[in-house]
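Below sits a lone chain in structure tokens, taken as the form predicted alone.
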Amino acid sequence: MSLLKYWKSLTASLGLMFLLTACGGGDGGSDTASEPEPAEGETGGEEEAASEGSADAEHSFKLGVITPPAHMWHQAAEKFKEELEANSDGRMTLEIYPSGQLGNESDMLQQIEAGSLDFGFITAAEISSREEAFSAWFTPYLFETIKDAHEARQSDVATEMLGTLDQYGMTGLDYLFAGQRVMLFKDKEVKKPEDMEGLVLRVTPSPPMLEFYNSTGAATEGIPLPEVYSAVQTGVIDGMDMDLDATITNKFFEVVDYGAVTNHMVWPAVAVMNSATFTDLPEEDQQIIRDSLATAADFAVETRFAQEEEFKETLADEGMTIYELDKSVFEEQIQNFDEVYKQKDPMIEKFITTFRE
């Protein structure tokens, strides 16, 4: 073969190899040719995403609550878990983190917004730091019993409040009640507001609660719940705003002598859920969540209401002096609160006007 023929043959061979490579061989092949077929029983990404939103998908949720297992809110969480799993035939499961295991309430709200926590039972006091309208729940002496407040949670204005949480990436679902607020005093039997002047009381640092207590002449301290026992014991504070349930579960009866059963405020927790997680669920599953929460809320209020006299007796047996203090004693404080808070938000004004008898 001549040298000229040899180079022509070599050039033609190289050209053919380049053409074959460009048309489908090696790394330059098309997506269709190079992508492996799914193995038997596997589905593609679109089918998997669709199954997540179907009514037969499985979901594992987490719920955080600040109170210990003995408290009514934790018991309500357990009831919610029971109902959720039963009503979904086991497709939805719930893991509960009590006693602030996931952090304080502010921490848990941030986790819910971020989607790392699905549910929270968060006090309306904490929620009111985001949306002032929730302060309306702390209007003094607005509800005679927690059953009255439980019914009020289904009102238009209470539902409207829940809707304000959408802007934070949270869906407000319901309210749960754990008794009404009472006043505990270390070594003084308070019978009128004047007796409170100069006392230092632990009060949740929520503006409406501070408004009420400061109007009596008392000084307030926003001490975290786990530190309250030692604060009373060492004389840092002279008493506290509390509910009977927490007085027992936290053993405050060991450090305070007097309990004025005023029932001056209700104390709701707001059941909130990450909005993206909730809206991604089919309507059937959303309704299961709402129904399960409603059952838990009913359970909490009926159980807690029935325990009122039992709790009073328990604290008396522990050595506390338990006595009733009528709302007429705080008439001036009630009027002052209404005047101040009606001007803060149209929903607060509507709430107070609707339920003030």
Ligand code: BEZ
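Quick note: we count residues from 1 along the sequence shown, nothing fancier. Remember, it's a predicted structure, so these values are computed and weren't measured experimentally.
There is another form of the same protein, the form predicted together with the ligand; it is not shown, and what comes next is about it.
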Partner contact check in the predicted complex: of 96-104, 132-140, 68-76, 253-261, the stretch with a heavy atom within 4.5 Å of the ligand is 68-76
The one option of 225, 92, 237, 152 with any heavy atom within 4.5 Å of the ligand in the predicted complex is 225
Picking from 242, 265, 271, 108, the single residue whose non-hydrogen atoms come within 4.5 angstroms of the ligand in the predicted complex is 242
When the ligand is placed as it is in the predicted complex, are 123, 181 and 246 each within 4.5 Å of it, taking any non-hydrogen atom of the residue? yes
Distance check, residue 275 to the ligand in the predicted complex, heavy atom within 4.5 Å = no
- Classify residue 206 as contacting or not contacting the ligand in the predicted complex by the rule of any non-hydrogen atom within 4.5 angstroms, answering yes or no. no
